[in-house]
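To begin, one chain is listed below as structure tokens, in the form predicted alone.
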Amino acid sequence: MSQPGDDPYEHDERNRLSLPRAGLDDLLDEVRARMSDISATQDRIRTLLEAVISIGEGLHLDPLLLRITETAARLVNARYGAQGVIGPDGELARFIPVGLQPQEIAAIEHWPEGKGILGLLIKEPHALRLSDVRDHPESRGFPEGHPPMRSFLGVPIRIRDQVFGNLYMTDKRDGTRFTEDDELLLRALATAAGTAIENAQLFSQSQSRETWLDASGQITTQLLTGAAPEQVLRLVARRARVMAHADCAVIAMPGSDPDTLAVRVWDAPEDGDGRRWAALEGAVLSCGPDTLLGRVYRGGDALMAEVSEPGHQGADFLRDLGAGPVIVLPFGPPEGARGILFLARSRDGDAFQDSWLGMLSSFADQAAVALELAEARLDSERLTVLEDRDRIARDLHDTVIQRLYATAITLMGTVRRIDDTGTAARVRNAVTELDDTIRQIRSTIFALQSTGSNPSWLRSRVLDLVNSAGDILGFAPRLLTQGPIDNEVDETVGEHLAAVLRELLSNVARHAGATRVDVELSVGDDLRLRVVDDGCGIPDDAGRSGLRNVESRAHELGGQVVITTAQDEGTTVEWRVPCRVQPAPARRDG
């Protein structure tokens, strides 16, 4: 008798029913896996979109570059990430790492220099994915102290057709390799990063251009409102330094030697670090044809350089001051530069941006042209003043002096007809006063005509000494000059005269307590300087070291000094010497 469970028909039926159920389970598992993949893909797409949005939020370049690197590392779940920025020379100019701890950074001897795998990405800007960087033939290892890294994913960042830099990702946090999807996501992020970087660069250039234009407007306004050229040059240097984020700005113009430039103005921060540039004050710089400054000054083309590196002739002075990146610009149009403007950063500073070169050149050109126009305006104003002074001097000479002279002659002729002795004496005194007035007017005429004259002329030097003495005396001394001083007095005697006059006026200011000083300088058979004050006189016990110097100079020239003084009645010093130094007798060898 058969058992129910042994029915063959029933057994076949159960098998037939279990087969569809097994296929359905596999199908459900596959659906679940695909749904999981779809969900993971959606999550990664969402992460990518969030990453794109995050890197597009700022327009300042440096924070943006760091944000791009951090976002890329999160997007592909990398433990370490970095961004390398390629410089104008095709080498790594900047290296921005993320994921390293401070102690790890401190242990690294130097950042990667763009060799090995990183250099391969620079030479061949295509995505590169490696399971183990050590197995690649281009691998050069890591710098001393660099943490070990194995898996690698690198993609270039392009701005239009130009490669800006590369993103480097290493070691996924879950220990797996970078996948094709990781590469695709990172390439998409790099594309968005290129657009964000370009926008940041354009924004920076726009801000810089606006700042340069504002600075140019300020400088032009300063010049056209009458500011002194030296003051405006300092403003040019300061604005250029601040806007270019430089540590020092220098404007140098041609020196006495054709192959030199003299520092006209310089500007640096007022803190301790800025004071090291003080050695530039009054410095004379070489600008020969082969020097760094000479190539710009003579060739008219701006250039950027790293002077801390060898090979820049004539840049030793900058290297000694600790300069690194510099921009050197012609100050004025290339065909007629008036000098140079150079900006320098410290040796450890970042290189200047290439985009600044054009704007800085335009700024320097505009500032130089504005300065030239302002100097032309000042020359025109000075010429107008000189013409007015000449006209006044001519009127004084042709009209006033002639009338006074005629009046004096008439009075002298009248004196002989006056019988009263007292009246005759008063008329003679009036004639003397007229002569004195004529001499004063002649001195005034010279003072009017001496503006802009040769400062080496003796009469000009005497006038400058007398005018400057007014500051320490508290009043202007009275100056009378007579005779051909500039023609008859030689250079040696003139040097002694200037020193004596300076000493006498200084003595009056320090000791006399005078309210009036008369300086009379005349040339006839000899040179006579007479200084009269109404002060307290020279006490008997007073030190006379200054007066001994005056006497010594007179005796050295073969002249003499006469000093007349009385208590509370003032002092008169008359210094009389030959107009020319007598040549020493010729030596004969017998």
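One rule holds for the numbers: they count along the sequence shown, beginning at 1. Computed from a prediction, not measured in an experiment: that's the story for all the values here.
From this point on, the text means the form predicted together with a small molecule, which you will not see here.
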In this chain shown alone, the residue from 510, 126, 160, 416 with a heavy atom within 4.5 Å of the small molecule in the model of the complex is 510
Of 199 to 207, 262 to 270, 92 to 100, 510 to 518, the segment with heavy atoms within 4.5 Å of the small molecule in the model of the complex is residues 510 to 518
Taking the small molecule as it sits in the model of the complex, is residue 547 near enough to touch it, meaning that at least one heavy atom pair lies within 4.5 angstroms?
yes
Report task. Please check if residue 538 has a heavy atom lying within 4.5 Å of any heavy atom of the small molecule in the model of the complex. Result -> yes
Taking heavy atoms only, is residue 542 within 4.5 angstroms of the small molecule in the model of the complex? yes
- Message: Even though the partner isn't displayed, in the model of the complex is residue 503 close enough to the small molecule, meaning a heavy atom within 4.5 Å?
- Response: yes
